[in-house]
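The chain that follows stands alone, in the form predicted on its own, written as structure tokens.
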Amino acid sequence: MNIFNNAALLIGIPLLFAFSIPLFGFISKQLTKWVTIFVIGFNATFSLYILLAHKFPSVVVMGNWVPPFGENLYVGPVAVFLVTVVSLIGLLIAIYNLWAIKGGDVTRFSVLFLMYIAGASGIILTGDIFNLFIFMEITEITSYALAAYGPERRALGGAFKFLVVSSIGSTLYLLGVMLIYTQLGTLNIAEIAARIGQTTPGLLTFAGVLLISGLAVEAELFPFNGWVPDTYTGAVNGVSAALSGIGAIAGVYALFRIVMTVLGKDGMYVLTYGKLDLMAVIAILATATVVIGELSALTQKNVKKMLAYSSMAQMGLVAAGFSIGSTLGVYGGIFQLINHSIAKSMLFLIVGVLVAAGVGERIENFKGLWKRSPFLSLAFTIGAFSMLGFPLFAGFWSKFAIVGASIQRGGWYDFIIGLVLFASVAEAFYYLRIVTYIFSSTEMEKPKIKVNLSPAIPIFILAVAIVAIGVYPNLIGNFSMQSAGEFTHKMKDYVLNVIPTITAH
């Protein structure tokens, strides 16, 4: 067991500065935004160093009590990769917020955003199922407040829906944790994963259903995702980008860390203990999420709400990849999760610039946008093409891997991927409709849109990243494959790295 306690700074530094932000606020409201950039920049730099220097796998031991007796963080391929993405996306959104966040309590917004980053990082790094609940609560509470930020009344309605649904989800998750604790007397993920076979099958199945129901709220799976459209649409665009690009990563990670590592069996295809194969249940929920999300997006006239439904559908596709249970399927799911995070964050940021310029959120407002802003038009088109999985764009490789994994698995997964591909036809229609509007001509000449440097930098970087990954998929493909191996070989690549002396039961 390699101990690398410095990785705890990825949670500790954002939390420390979050509580210190009000002091900077006394000096200048603008200073709090720069402090936020500095702190998230530290996280991005440090996590990128751990990733590229291969300082993993390692265990962060809390209070000198080694697992399973004490609490720990696990710095493995999955955690390092996803925390790096969360930090980089968070950094770009923080840069965007220099321009976007003007009114309201800027100091409070900065506090909440740093706590949001800390909570999402904690979900990914923790090695304890109860601490996962604590970090979920930090992320969710800050999400409510961030979603309610802004002058529009619709923000309050979306935030309230999220509060109600996620509160129910958190309760269900905590009940599932309690059932597992009563069976095994431990909260350590690695120890539970090794001893899960000792539990009563019926009780374990019930606990698994509770855990999935709770985590599916954050992962945006049907029928627990009713909060998504109104919350994403009502929030300011920087927050919508964070919910879609950061919160979704943490939610999907938590769901499949529990299902595949805690409840799963090692094998060619991951199955789960208990009387019910929970991976099959997730496959059904994922398929329903894709179909409902895409068809709902197709009917929207508001671009922001369309992107919200599209986010739901993309999370369904990610979950479908994971649910196949093979290394290739999980690889495709992780790859698609990262592609979604990059592209959807960029699309929300672009909409924010357009709304501020007076363009509006309705699809018909995008007519002739090419003449007003070639930069934003091209960036939006790149994001749309990546979402559709066009060749030479990032989304192509992840969708190709998910389809290939489904074909390898065979059986009823062929039917599932068939439904997913059918729903993708609707996705092609609504994205290409907007792109067509963008490059169409209008009778009236409208003023050019000037894009400030602060929003232009993150939009440009995200657009370049989409094309770069599309041309050189190994930029993130290798990390995605390493991460997939950790999920599908839990004993070798997770449990024994945390507790080397344990044996499976």
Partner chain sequence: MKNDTPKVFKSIFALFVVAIFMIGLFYAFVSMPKGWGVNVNNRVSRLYILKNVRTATRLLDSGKFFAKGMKPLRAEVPYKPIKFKKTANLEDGAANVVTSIVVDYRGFDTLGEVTVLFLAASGVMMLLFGKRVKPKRKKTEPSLIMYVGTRIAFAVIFLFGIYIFVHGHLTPGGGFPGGAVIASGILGLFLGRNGYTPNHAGLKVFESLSGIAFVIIGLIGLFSVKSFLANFLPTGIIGNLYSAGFISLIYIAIGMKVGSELAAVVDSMIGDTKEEWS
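Since the structure is predicted, the reported quantities are computational estimates derived from the model, not experimental observations. Numbering follows the first chain given and starts at 1.
This protein has a second form, the form predicted in complex with the partner chain, left out of what is shown; the following refers to that one.
**Student:** Could you tell me which one of F400, F390, F130, Y269 places a heavy atom within 4.5 Å of the partner chain in the model of the complex?
**Tutor:** The residue from F400, F390, F130, Y269 that makes the contact is F130.
**Student:** Under a 4.5 angstroms heavy atom criterion, identify the one residue in L48, V467, V66, L31 near the partner chain in the model of the complex.
**Tutor:** Selected residue: V66.
**Student:** Looking at 54-62, 476-484, 33-41, 457-465, which stretch has residues with any non-hydrogen atom within 4.5 Å of the partner chain in the model of the complex?
**Tutor:** Among the listed stretches, the partner-contacting one is 54-62.
**Student:** Check whether T299 has any heavy atom within 4.5 Å of a heavy atom of the partner chain in the model of the complex, and answer yes or no.
**Tutor:** Close contact is absent here: in the model of the complex, T299 is far from the partner chain, nothing within 4.5 Å, heavy atoms only.
**Student:** Taking the partner chain as it sits in the model of the complex, is R362 near enough to touch it, meaning that at least one heavy atom pair lies within 4.5 angstroms?
**Tutor:** It does not: once the partner chain is placed as it appears in the model of the complex, R362 has no heavy atom within 4.5 Å of it.
**Student:** Examine S373 and determine whether its closest non-hydrogen atom to the partner chain in the model of the complex is within 4.5 angstroms.
**Tutor:** Residue-level check for S373: no, no contact with the partner chain.
**Student:** Is T261 a contact residue for the partner chain in the model of the complex, using a 4.5 Å heavy atom cut-off?
**Tutor:** So T261 does not count as contacting the partner chain.
**Student:** Thinking of L9, L16 and A145 as the candidate spot, does the partner chain come within 4.5 Å of a heavy atom on all of them in the model of the complex?
**Tutor:** Verified in the model of the complex; spot residues all in contact, yes.
**Student:** So which bits of 19-39 sit within 4.5 Å of the partner chain in the model of the complex, heavy atoms only?
**Tutor:** Contacting residues: F19, S20, P22, L23, F26, K29.
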